[in-house]
Structure formats: C-alpha cells, structure tokens
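Before any questions on binding or motion, here is one chain by itself as structure tokens, the form predicted on its own.
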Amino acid sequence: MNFNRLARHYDWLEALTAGGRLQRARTHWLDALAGRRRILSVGEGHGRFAAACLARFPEAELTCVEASPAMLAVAQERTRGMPGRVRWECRDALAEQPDQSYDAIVTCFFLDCFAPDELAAVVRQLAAGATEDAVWLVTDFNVPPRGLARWRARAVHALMYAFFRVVTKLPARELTPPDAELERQGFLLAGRHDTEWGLLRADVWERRRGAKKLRRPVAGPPEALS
C-alpha cells in the first residue's frame, strides 16, 4: 500500500469529491480527547487531523504514524509552526508495536484500508500500546444495513476501492467493520455519529477493564446528504 503518488493531490481530490465532509467526520469527537496526555494518530495522511488536534490540545503529546514519506511531508508542512509537541514516525503500522502507553488512539480513514486478517492484526497491535482507560476515535466509511442508503454506499465503495487498489495497491477489496475486534481488545462503543446517509461514520470507543459486551449508545437517524 503506497500513497506517495497521491500525496500532492490529496487535498484537492478530497475537496472536489467531499468538500469539508471528511474533515467534519475526522473532528466530530475531538473533544473526547480533552485531558489526554499521549495521543497516537495512525495513518495520519495529509495532516488535517493533526492540525486540528494541535490547535485544540497544544499541551498534549501527539505522535503521528504514516507509512508514506510523501504524505508525511505534506502533513509536516501543514502543521509547521503550530503550537504543541508532535513526533512524526514514517513506518508501517504493523512494523512495530507502539513504544509507549497512549491514552488515546486515533484512526481516520485508515482501518477501512485492510482486509479482515490484516485489520485484526492492526487493531491488536495498536491496542497493545493503549492504556487501560484509553479512548479510540475511529472515523471511516460505512455501509448502512438496508434501503437506498445501502445501495448508494455500496456503489460509492465499489468505485472508491477500485480506484485505490489501482493507484495505491490497497489490500482491501471491501469494508470490514472493526467493531468486533475493538470489542475483543476491551473497548466499548461510547458514541457513534453517522452522516451522509450513513456513508460516513465517526465513533468514540472507551476501554474498560473486563469489557465483555458491545454497548451501543442511543443515537438519532443519520444526517441527510448535505
């Protein structure tokens, strides 16, 4: 999986295809990081989450992991001169276990890049570096369970995965929800926000000792397409 070819074009591609919708999804649960001291963002990409996080929580230690050197350069350029402490790591998420305990993990449009076996390995690897009371913000695409919204999402996903398989050698061919693996690692769903007819999903998960059961908070209907 190699995003180097897209790095210098990612901003305008995102703006053209989604406007500000992806960034609103990335930052929907940003306030859930209040009071967190060590934040790990994996698959940071072009740095839009990092910039928002540094602006809101300059006192936190932010570590950003990105496998693409070109993407990492774009992210560093975007956040240059911003307040706060940030460490950049150019490596594959599976290359090594996080080297310190993080009380917050963030994955924005990252977990949907993996086929089921790799996804389980990535979640386990990241969870091993999380504290017992960590939070995990997960922002990704989603497939609604039924109706026109489901068919619309499946069509969007087919085009999206086909494009990224050709351009970046993406290993996944379809979306694998991470919920079951997060639950196995002791995380409980604390908040869920669906937008764009259920196409975009932003979750906040909380780790609790001895967590056994997925808790789904009461939520309103997904926002309509804007």
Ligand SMILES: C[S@@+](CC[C@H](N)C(=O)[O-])C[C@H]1O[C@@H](n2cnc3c(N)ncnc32)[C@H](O)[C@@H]1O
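Note that residue numbering begins at 1 and tracks the sequence as displayed. Quick caveat: nothing in here was measured; it's all calculated off a predicted structure.
The following text describes the form predicted in complex with the ligand, which does not appear among the structures shown.
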Assert contact residue (the ligand, in the predicted complex, non-hydrogen atom within 4.5 Å, options 133, 77, 117, 92) equals 92
Assert contact residue (the ligand, in the predicted complex, non-hydrogen atom within 4.5 Å, options 33, 182, 199, 67) equals 67
Within 4.5 Å of the ligand in the predicted complex, heavy atom basis, the matching stretch of 42-50, 55-63, 153-161, 183-191 is 42-50
Would you please decide whether residue 26 lies within 4.5 angstroms of the ligand in the predicted complex, comparing each non-hydrogen atom pair? yes
Indicate whether residue 108 is a 4.5 Å heavy atom neighbour of the ligand in the predicted complex.
yes
Within 4.5 Å, heavy atoms only: does residue 104 come near the ligand in the predicted complex?
no
Evaluate residue 86 for contact with the ligand in the predicted complex, applying a 4.5 angstroms cut-off between non-hydrogen atoms, and reply yes or no. no
